[in-house]
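Coming up is one lone chain in structure tokens, specifically the form predicted alone.
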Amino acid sequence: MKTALRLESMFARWGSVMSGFLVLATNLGISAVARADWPQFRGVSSNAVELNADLPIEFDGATGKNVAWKVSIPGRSVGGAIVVGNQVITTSSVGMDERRVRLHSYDVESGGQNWVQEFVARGRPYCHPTSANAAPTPTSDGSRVYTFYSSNDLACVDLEGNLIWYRSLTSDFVKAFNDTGMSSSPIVIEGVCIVQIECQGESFVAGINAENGTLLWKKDRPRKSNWSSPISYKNSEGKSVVVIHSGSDLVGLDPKTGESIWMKDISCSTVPSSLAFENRLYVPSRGLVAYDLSSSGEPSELWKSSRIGIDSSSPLVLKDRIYTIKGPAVYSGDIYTGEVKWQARVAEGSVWSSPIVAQDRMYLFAMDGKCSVTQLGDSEGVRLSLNELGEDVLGTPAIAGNAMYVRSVSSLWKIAK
């Protein structure tokens, strides 16, 4: 286990850490991301689907049925885990006011701990009781891991857990917080770590140099609370575009400069994130709105549907269907027209995590740890099983190989046959 890094020593060593690791040569970008199994919130493409994964339909936390391993983690987390090579990486926040924030790595096969890195939050750690300071899901470019917390503390480590750089964004922007906590997950695109910090105070989205943690750009945003996460896509010219949405707008940004490429005056949902997949952009907004991304310019609207229900979970696409969650129900919509093909009640309890799909089966966790497994058909969705872990789950699971990695609030689970 790595020695926990205390705040005093961390800042005393700031200069030497920064200069020492700047000499490391890393290839930050899409090619590096491709080496990671599940490198960010909702996976490589932000479309939480693994067509070849063979996951168990039934599992049980009490009996251990189809539970390959379980690791108890001190503290609390409501974010998801990521998988990078042979490591499963997740976060936690512990101690008084959850000011001690951690990044943990475990072996995918055994569940044994590889390393743990600890920081002391400089920002405001307070959040709603159902949330945690460890709320965002970390991200990786295949060479490094970037971890963000509700307190607006951002850190970068290598794959052995060694600190490369650390940044307290609240120290730089002291009014950036909201009363219930931040939970937007970062992404890394072409050497830039994108963090979306939207709140009633100093609200902004920023691009951080992934190599050394310096601020590349900062763009002011509407002063309203927003918990959705940024996504990215490549336009017809092969240029990357970062997409963020809020209750006031939908914007496409240049990841290198933060300059606005296009903007839509539309009120979007503030919890679920958008999805860019195969030249289409699906945006939660009083239902769902689909845009055409096939040109390099401003996206044109394809359709909108108020009948496709969506609450806190982000959408996903499988074949010619888009799936959303509203209340206990899953909705199946046509990706070309927005027509609702079917809806089915599958969940038991409140849902905060986003669904994942293995082959043609959807796995959806309710907050109380009950996971419904639903067969997704052309004309109907049939719940195959309802499984219980016995611990609350608010984060979205990760899939790698034939295993599902689930971060409950107090444990990390590997579910596999």
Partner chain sequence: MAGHFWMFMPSWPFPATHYSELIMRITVCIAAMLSMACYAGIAEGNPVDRNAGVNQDIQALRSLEAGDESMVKGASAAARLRDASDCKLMDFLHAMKGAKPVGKNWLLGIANKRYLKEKGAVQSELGSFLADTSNDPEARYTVFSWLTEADTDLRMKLLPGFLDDPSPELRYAAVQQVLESTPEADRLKTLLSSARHPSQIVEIINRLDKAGVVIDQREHFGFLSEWKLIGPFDHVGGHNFEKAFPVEGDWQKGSRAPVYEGKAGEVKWIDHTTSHKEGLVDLASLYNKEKGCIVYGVTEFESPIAGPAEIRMGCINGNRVWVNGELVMSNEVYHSSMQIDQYIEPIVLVKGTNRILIKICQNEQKEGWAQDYQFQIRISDSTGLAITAK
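Positions refer to the first chain, counted from 1. Since the structure is predicted, the reported quantities are computational estimates derived from the model, not experimental observations.
One more form of this protein, predicted in complex with its partner chain, exists but is not displayed; see below.
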- [ ] Please determine, with the chain shown alone, which of 108 to 116, 236 to 244, 291 to 299, 83 to 91 has non-hydrogen atoms within 4.5 Å of its partner chain in the model of the complex.
- [x] 108 to 116
- [ ] Using the partner position in the model of the complex, report whether Phe177 sits within 4.5 Å of its partner chain, counting heavy atoms only.
- [x] yes
Task: is_contact(Leu215, its partner chain) in the model of the complex, heavy atom dist at most 4.5 Å - done: yes
Open item on the list: I'd like to know whether Ala206 contacts its partner chain in the model of the complex, with contact meaning heavy atoms within 4.5 angstroms.
Closed with: no
- [ ] Decide whether Gly161 counts as a contact residue for its partner chain in the model of the complex under a heavy atom distance cut-off of 4.5 Å.
- [x] yes
Task: Site check Gly287, Tyr331 and Glu348: each within 4.5 Å of its partner chain in the model of the complex by heavy atom - done: no
Task: its partner chain: the contacting residue among Asp320, Asp97, Glu259, Glu339 in the model of the complex [heavy atom, 4.5 Å] - done: Asp97
Task: its partner chain in the model of the complex - contacting residues of 123 to 154, heavy atom within 4.5 Å - done: Arg124, Tyr126, Asp153
